[in-house]
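One chain is shown next in structure tokens, namely the form predicted on its own.
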């Protein structure tokens, strides 16, 4: 598997032990199982994957993606991103990910529960041992995590559970809260103004996009456009926080102006937040982008050729391993709560997210300025070096005297 991060480019900026490449260029574990459930009187068989990329800094952490398009390659790529995301924000987890190859829209509530229970049955040894700690991702939710807990009875073996069931207040909105927080930190240096004076467009109106838009709107930003599969909703004066939180993309389009979905990229806004699937901004799309700041609330929303085009146009990009790390920070807090029995308040969750992201953002900005590299290159360099140093300290790699 090709590495998501260019390790050779990182090695030109920081000295890495030779064997680090061999350990990071492929995952530690790749497991595939077939999930079998009876659905509508017929047997339904689905591929399911769990990938643990690197556990040198702790157990594998990463969500369960339920999608008709997921495969082992995508799962491995996302697991690798989690390794570096956890390292960048300084939490003691490694990178992992799950994928279940099925369109979640075809499931009833009962069949969904059966599917998640079958997932636990197939991967029980990984879950109960603590080697891998799942959470919600695209297509899965807090209820699914409650089902996993119901099968294992181990509070810390899964995060993203409902607050009443050993979950964490604030976990649902944590990724969006973190993306909004990073946007507020970056706007003054990238745009020369505070976020309250910015216009924003959000591509993707699922959990992450909705909460990011909501918290930015609360902060005074003018969220003028949001898009989902139904199209793009536009409001020149900005959507209210209440509209963002309570209305679907389709409802906003009916109430306000409807645009073609792809036209969101062309809008002359200050900030563009891709919060949907990966690869949304490629080389061609990047040439159309009207924003001056992009905050990657999704995983890998900008392709390498898109990244090069944006850099050539002088557009600042905040990379995914920083911009959407609020979710994994909250997962760490929930995991710690599950082990200790502590009860966390929502505002305390927000405070911990802000603290971790502020420190990571400051380190990335400093490295970017000192080495004259992009924020993405700086984040990758810091994260890879953190993992490499952990390998040295655990004696996974040999460093000549």
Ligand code: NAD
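Numbering follows the first chain given and starts at 1. Owing to the predicted nature of the structure, the values given are computational and were not obtained by experimental measurement.
The form predicted in complex with this ligand exists for this protein as well; it is not shown, and the discussion that follows is about that form.
- Taken together, the three residues 138, 203 and 227 all come within 4.5 Å of this ligand in the model of the complex, as judged by their closest heavy atom.
- A residue is said to contact a partner when one of its heavy atoms sits within 4.5 Å of a partner heavy atom; residue 142 fails this definition for this ligand in the model of the complex, lying far away.
- Although the partner is absent here, residue 316 is not a contact residue: none of its heavy atoms lies within 4.5 angstroms of this ligand in the model of the complex.
- The shortest heavy atom separation between residue 324 and this ligand in the model of the complex is within 4.5 Å.
- Within 4.5 Å of any heavy atom of this ligand in the model of the complex lies no heavy atom of residue 159.
- Put simply, of 187, 329, 275, 88 only one has a heavy atom within 4.5 Å of this ligand in the model of the complex, and it is 275.
- When you look in the model of the complex, the only residue of 297, 302, 79, 213 with a non-hydrogen atom within 4.5 Å of this ligand is 297.
- Remark: of stretches 169 to 177, 88 to 96, 143 to 151, 117 to 125, the one touching this ligand in the model of the complex is 169 to 177 (heavy atom within 4.5 Å).
- Applying a 4.5 Å heavy atom cutoff to this ligand in the model of the complex picks out no residue from 100 to 135.
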